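Okay, here we've got a single chain as structure tokens, the form predicted alone, with questions on binding and movement later.
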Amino acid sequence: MSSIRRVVVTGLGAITPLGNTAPAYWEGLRTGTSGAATITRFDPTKFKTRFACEVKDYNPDTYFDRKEHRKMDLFTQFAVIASDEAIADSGLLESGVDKDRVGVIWGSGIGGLKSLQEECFQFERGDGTPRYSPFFIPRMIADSSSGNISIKNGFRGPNFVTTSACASSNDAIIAAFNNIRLGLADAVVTGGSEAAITESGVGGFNALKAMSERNDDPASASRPYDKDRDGFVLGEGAGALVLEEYEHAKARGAKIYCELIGGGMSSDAYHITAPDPSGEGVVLVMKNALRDAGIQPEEVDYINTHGTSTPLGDGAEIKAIEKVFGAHAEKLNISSTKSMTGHLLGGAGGIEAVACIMAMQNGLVPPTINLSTPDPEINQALNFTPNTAQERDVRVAMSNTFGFGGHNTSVIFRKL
């Protein structure tokens, strides 16, 4: 173990339904703002769910020239924007870093759904002649995100995308963490992005009966742990971190936000969409993360939960937290920032890692909003940080993300 290197966070970036930079995103979290509103990306009139958490005031021309962004699906645009902010925040490029030793490991559960849908619609409307854009495949494939980030910055280290549904970002963060720990890279740009607010995305999740249908009041629809929750709210955007080997960051005088100390993975091995109601896989993933971090459960101050606002998932995760943390569970701050951002699917872990780190930086735990009618099936002795942010010295924060297929991931950050 003496050869395992320490890993720190030196840059943050985000584009989210609450704000198009990391500071703007944090302001939305701090004030308990809902990002949900009627869908503008397409006409949702005939859909069961007619609202989502879209990125607001987004114009690709602000970030890219027109020729450039036409070659990128929206999820890749979000990835590049968030990573640009994180890289600039880290000062990595200005420091003369060895680009052969900088990687990009990104997460996306779905990839270029918008591009796939558009090309298929266009073909169907035609006469059967296959007239596809030469950019179709490069826009659609999930690894176009990490590829574009590395090309733009000249990073020639490890480069790939993880796809494990809603656990994708955390899997990317853990892979980046391990590449640095094992000496395969000195720094890695990591995180995740998603842009699935499309006809096929909304229609598909409606068919699964997974999304809220609270069309009369979108702002209150994402309500983790509330008795009246009826499904998740779809979100979009990206969250990015620059992870760096500790001595490398110190040597170049980098600003250090915190240390990434552990990552856990497990599988429910239960069902392709439903969580295991026993929570055994979730118990295992948190134990694995704590073991990897070399800390005791009592050292954790805050858990940013998966907390999607689904009837089954919320309760299973809380039962697992009670099993892992015992009496300490009631001393934790717990919150689901998905109550504000909606669920970014494969991008969720990226923005939620940023939320954990900002909570540490600001001594403030973001709330779970819309928690008005506590669910009697969920232990209300736990502190869900209801509706209003709470001051707390967060020294250790855990972020959980779980995906369809039973993929479970957990990452742990600690103040230096």
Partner chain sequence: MSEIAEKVKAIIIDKLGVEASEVTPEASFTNDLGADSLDTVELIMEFEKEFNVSIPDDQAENIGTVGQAISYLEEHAK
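Numbering follows the first chain given and starts at 1. For clarity, every value in this text was computed on a predicted model and none was experimentally measured.
There is another form of this protein, the form predicted in complex with the partner chain, and it is not shown here; the text below is about that form.
ask   = Where, among 365 to 373, 40 to 48, 348 to 356, 60 to 68, do residues come within 4.5 Å of the partner chain in the model of the complex by heavy atom distance?
value = Of the stretches listed, the one contacting the partner is 60 to 68.
Heavy atom within 4.5 Å of the partner chain in the model of the complex - residue from Tyr246, Tyr270, Phe135, Phe205 = Only one option qualifies, and that one is Phe135.
task = With the partner chain left out of view, choose which of Arg131, Lys255, Lys209, Lys331 has a non-hydrogen atom within 4.5 angstroms of it in the model of the complex.
result = When the partner chain is considered in the model of the complex, the option within 4.5 Å is Arg131.
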